[in-house]
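What follows is a single chain, given as structure tokens, in the form predicted alone.
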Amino acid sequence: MSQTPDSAVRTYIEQHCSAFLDDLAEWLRIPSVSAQPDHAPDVQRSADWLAAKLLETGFPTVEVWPTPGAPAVFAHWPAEDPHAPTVLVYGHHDVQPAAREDGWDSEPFAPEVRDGRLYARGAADDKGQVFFHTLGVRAHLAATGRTAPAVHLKLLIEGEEESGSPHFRALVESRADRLAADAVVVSDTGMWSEDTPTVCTGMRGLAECEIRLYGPDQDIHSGSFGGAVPNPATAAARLVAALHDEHARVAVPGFYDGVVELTDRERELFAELPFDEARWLRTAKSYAAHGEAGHTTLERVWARPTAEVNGIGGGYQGPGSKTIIPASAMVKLSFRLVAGQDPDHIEKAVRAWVDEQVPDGIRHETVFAAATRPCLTPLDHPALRSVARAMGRAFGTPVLFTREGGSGPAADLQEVLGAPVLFLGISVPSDGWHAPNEKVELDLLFKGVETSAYLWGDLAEHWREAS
């Protein structure tokens, strides 16, 4: 039987929690800040430290993979059953910059436990959530008497996530044969709250562009020429005004092509979450909810595509007046994409829309950055059900489901490897990712360990049943 006895798992975790925290604290002391070149040796040291610890955990294959930037760590522990499913765990070992003068109550790279919380940069994002898998797999083995996990277990822990993962997709493409998996588990995410455990089922994608508009060859007098030549700043304003219709839907023709609509069941599950819109608005430092008609706030930020104006400029910006027609203007736009949308199609649609909107006499160019694709795993997928069951066992309550409004490298794994992506995280909003006094709740961290211990057996058993 592949199920892991709960009491045996919990006993093992209790017996080894102190050593686990000592090891995690040692890792957290390494300031692996990928965004700062001075810390490049520390990022390398972090990768080497993790590689050594994974060997100690029992992974027979552990490698540090160099990239043109920071190194990633790969590990593989084959199951005894050659027909067992293969699972790839993703996370990252680099962290955001941090300094005591930023507002920390203690040194950010000197971990401290206070009131049941571990404070340090990386405690939640993402070293703590990567590291709980090491104790989890050992608990899984100890409780079941196995000598290898119930699944073929792989880890890919990158070193540049906090710098935008600039080399990640190329790494995954070049190592796709080594990374091949039936499912990907991303442990770089969180839950709704401490008392509402949740599993994320998808993330939105992202496309970004800058539209540059050019009028006269230089700023010219608005009295001598105003009203007689086109104004690029006016063209920019008209572009922005035309971006949405009166129902706050994106007005770019073809923008909604292929969108996977929410099912009734998904809408019901969203509605079960204890969402307080007034509190959410306070967090957003905003004064009213707004968005596409016919959808709730959670649906808008998790499951609907959007277009946002990130910047607009042109002409004189200094004090007083300067009566000119400016030579140029610009608009920066970002588009959050949902399952079914193709970034290449969005780029073509936006370019065609801009060409149609810009008046004669205004030269323009639209420059797109590299896009991130959306990812979504259906609620009835056997791997997602395993994650939900494992977390439910650890927390002693059924879990609910969320999506993530942001974007990340998970979509690259889904697209390149052709595997569904599951999100297993135990962090909560108060953990302060990227902020001073980042922390992780220790009771939740060990719930993550417990979830990991249950997951591999559940996946092996129910994946076989589903197949």
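Predicted model, so just to flag it, every value in this text is computed and none were measured. Residue numbers here begin at 1 and follow the sequence given.
One more form of this protein should be noted, the form predicted in complex with a further copy of the same chain, which is absent from this view; the next part is about it.
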Practice task
Would you check, heavy atoms only and a 4.5 Å threshold, whether Arg336 touches a further copy of the same chain in the model of the complex?
Solution key: yes
Exercise for the section: Please run the contact check for His140 against a further copy of the same chain in the model of the complex: heavy atoms, 4.5 angstroms, yes or no? Expected result: no
Exercise for the section: Please check if Thr144 has a heavy atom lying within 4.5 Å of any heavy atom of a further copy of the same chain in the model of the complex. Expected result: no
Problem - Contact test in the model of the complex: Gly405 vs a further copy of the same chain, heavy atoms, 4.5 Å - result: yes
Fill in the blank from the handout: Checked Asp355, Asp245, Glu80, Glu173 for heavy atoms within 4.5 Å of a further copy of the same chain in the model of the complex; positive is Asp245
Exercise for the section: May I ask you to choose, among Gly361, Gly258, Pro253, Pro166, the residue with a heavy atom within 4.5 Å of a further copy of the same chain in the model of the complex? Expected result: Gly361
Exercise for the section: May I ask whether Asn231, Asn310 and Ser321 each come within 4.5 Å of a further copy of the same chain in the model of the complex, counting any non-hydrogen atom? Expected result: yes
Handout entry: Which of 375-383, 265-273, 232-240, 341-349 lines the interface with a further copy of the same chain in the model of the complex (heavy atom within 4.5 Å)
Key = 232-240
Handout entry: Within 4.5 Å of a further copy of the same chain in the model of the complex: residues from 263-286 (heavy atom criterion)
Key = Trp280, Leu281, Thr283, Ala284, Lys285, Ser286
